[in-house]
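Shown below, as structure tokens, is a lone chain in the form predicted on its own; questions about how it binds or moves come after it.
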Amino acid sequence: MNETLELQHPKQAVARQRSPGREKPVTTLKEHIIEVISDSGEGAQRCGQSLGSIAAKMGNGIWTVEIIPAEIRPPARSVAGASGNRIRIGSARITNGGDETDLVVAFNEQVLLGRVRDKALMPGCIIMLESMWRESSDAAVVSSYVETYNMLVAAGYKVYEIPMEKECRALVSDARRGKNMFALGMICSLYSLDMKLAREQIALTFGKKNQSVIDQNILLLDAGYAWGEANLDFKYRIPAVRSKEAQIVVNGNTAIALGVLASGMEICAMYPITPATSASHYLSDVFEKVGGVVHQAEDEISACAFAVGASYAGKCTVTITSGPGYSLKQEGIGLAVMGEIPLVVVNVQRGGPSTGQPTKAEQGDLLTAMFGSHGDAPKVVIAPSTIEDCFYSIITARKIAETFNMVVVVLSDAGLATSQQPFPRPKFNESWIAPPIDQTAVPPGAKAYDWDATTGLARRFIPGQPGGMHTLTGLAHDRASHVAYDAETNEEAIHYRSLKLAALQKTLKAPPVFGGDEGDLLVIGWGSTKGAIEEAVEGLRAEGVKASSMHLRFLQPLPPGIKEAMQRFKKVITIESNWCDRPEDEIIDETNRRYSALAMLLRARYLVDVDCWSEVRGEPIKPSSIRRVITEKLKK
């Protein structure tokens, strides 16, 4: 064991050797970031999720970020195979994954190496490393372990070798499947977490298993806690204040699924795709209990076609996918636009193009969502920015889809999909639910597409309504839904379908400015970057920097007030997780630079000089990176 623990970062503490009979020093922290990483299948993700839930139930703010390998079953003990969870725990509300990690529990040295190379760990980070590899019968494994251990110590990391395998084998026959609960108990000891809540969390996590499985995992949890109390000479406490109102702790995909339930939608049509699938998994477990149906189609195209047909029959339907699946759905989405059939499409964005990085976060689908279909196919595009917003955005999307007879695209991303955050338990409101299907007789002379001259809206005809019979196709049509190829009719239909976006825009409020209403720099973002941007801005403003931020939930149509806000600042920059060219590259200048998606939209719409900075590293942007970018921008 390396006992030298002089730590440099203010969030961390100095751990001291404990004299016999003396209590451990307990250091109070404002926050800490913990990682648990292992080979795929060893349960590090479950350990991290449980840790986040326990801390949240104690009243701490949390934000978790899953570390997911790109391959389904990567080789064991490989750098690319790191699987786990990153948990930021604070004494106040946490809105993002934060900066570098303060403490990491690693089940082997190889999965740890990838995190070191990605510069994910804080200088002086405490590493709790499984020690079994030092005694492996494979000389190559021993050599790799010792070499890595020595490198970590030389680099200034504070390495503790932990005999997790040995301790677990004394309790269970398959230590590989129980080590994660031992690690959880050890972390509970380190951070002074409530073991009663921890045991309850284990019972909840393994609730579908028999009691013997729950008992075995609690045994391992208690063993890890006892080992930590007896063998580790430092201890932390992150103060917590329990919320006065009930909270739930879920990830973004579960929040989306709960939003589907709350919105009154009754059908979800989908095809499994990473990282969106867990939303449909949750619905598959609970949807039937409230009369809902999850239809797993044979492919993405079929899922979209099924959703369009179900919506045409009278109820608004949701289809959930990710980037490649969204591309395949484009023709079906175009049919819904042409037929003016309400439809909610959830796109949980991931790294691309093509198969790209299925498990990594990116915001690369904004322009595709807005303009991807052939022809002029106006769609509403909403981007939730928090876990809570994932829930409410689905309710909003269903309402807009049925009010305006439009396709509404909800752009989540992998950064929200797998991250957990507590938020107030929603209190059901009947206004969330769709009204009953209208089966009253259609007035004589009414037409299926009798567009309003001001708003472009037309009454929705539901199959089965007396007097409402008409033919629906994907072809250009007139007000009576008759196929029409003449120029005037075609342009009239495009005109009115477009007016619906303008009509919706008139109902939107100007997005608020975070920080001062005027100043030197305005940062504009969308989606999952909100928490990191606002944390960076808040920190800089405390230092006297005149920076503010604005976050956009509606991307199409854009809400009012954006141009006026931009004009109150000397400089404007967008920060996004999609690519923009770097001005410092020798070949890049103002005539050929590619701007990031939102920057391109804002420049074109408002004729304001909007700069941009992006990062597409497959992980959430860190607040420290944003602070650096803002500081550099203000120096120019």
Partner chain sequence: MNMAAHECLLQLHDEHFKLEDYQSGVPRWCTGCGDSAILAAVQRLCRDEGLRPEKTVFVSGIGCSSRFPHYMKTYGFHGIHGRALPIAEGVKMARPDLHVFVNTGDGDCCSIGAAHWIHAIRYNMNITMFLHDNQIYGLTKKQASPTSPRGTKSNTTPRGSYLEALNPLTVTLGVQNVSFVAQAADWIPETLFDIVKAAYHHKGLSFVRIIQRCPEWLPDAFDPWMHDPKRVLMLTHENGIKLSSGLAGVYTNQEQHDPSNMNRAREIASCIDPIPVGILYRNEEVPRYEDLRRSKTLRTTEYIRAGLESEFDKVTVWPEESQEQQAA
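Positions refer to the first chain, counted from 1. Owing to the predicted nature of the structure, the values given are computational and were not obtained by experimental measurement.
One more form of this protein should be noted, the form predicted in complex with the partner chain, which is absent from this view; the next part is about it.
The single contact residue among 141, 446, 566, 293, judged by any heavy atom lying within 4.5 Å of the partner chain in the predicted complex, is 293. Of the candidates 491, 174, 299, 147, 299 is the one whose heavy atoms come within 4.5 Å of the partner chain in the predicted complex; the others do not. Shown alone here, residue 541 lies farther than 4.5 Å from the partner chain in the predicted complex, counting heavy atoms only. Although the partner is absent from this view, residue 71 stays clear of the partner chain in the predicted complex, with no non-hydrogen atom inside 4.5 angstroms. Contact annotation: residue 501 falls outside 4.5 Å of the partner chain in the predicted complex, judged by heavy atom distances.
The shortest heavy atom separation between residue 457 and the partner chain in the predicted complex exceeds 4.5 Å.
Partner contacts here mean any heavy atom within 4.5 Å of the partner chain in the predicted complex, and among 469-477, 230-238, 520-528, 352-360 they occur only in 469-477. Against the partner chain in the predicted complex, the set 313, 430 and 483 is in full contact: each member has a heavy atom within 4.5 Å. The partner is not shown here, but in the predicted complex the stretch 329-345 reaches within 4.5 angstroms of the partner chain through a heavy atom at 331, 332, 335, 341.
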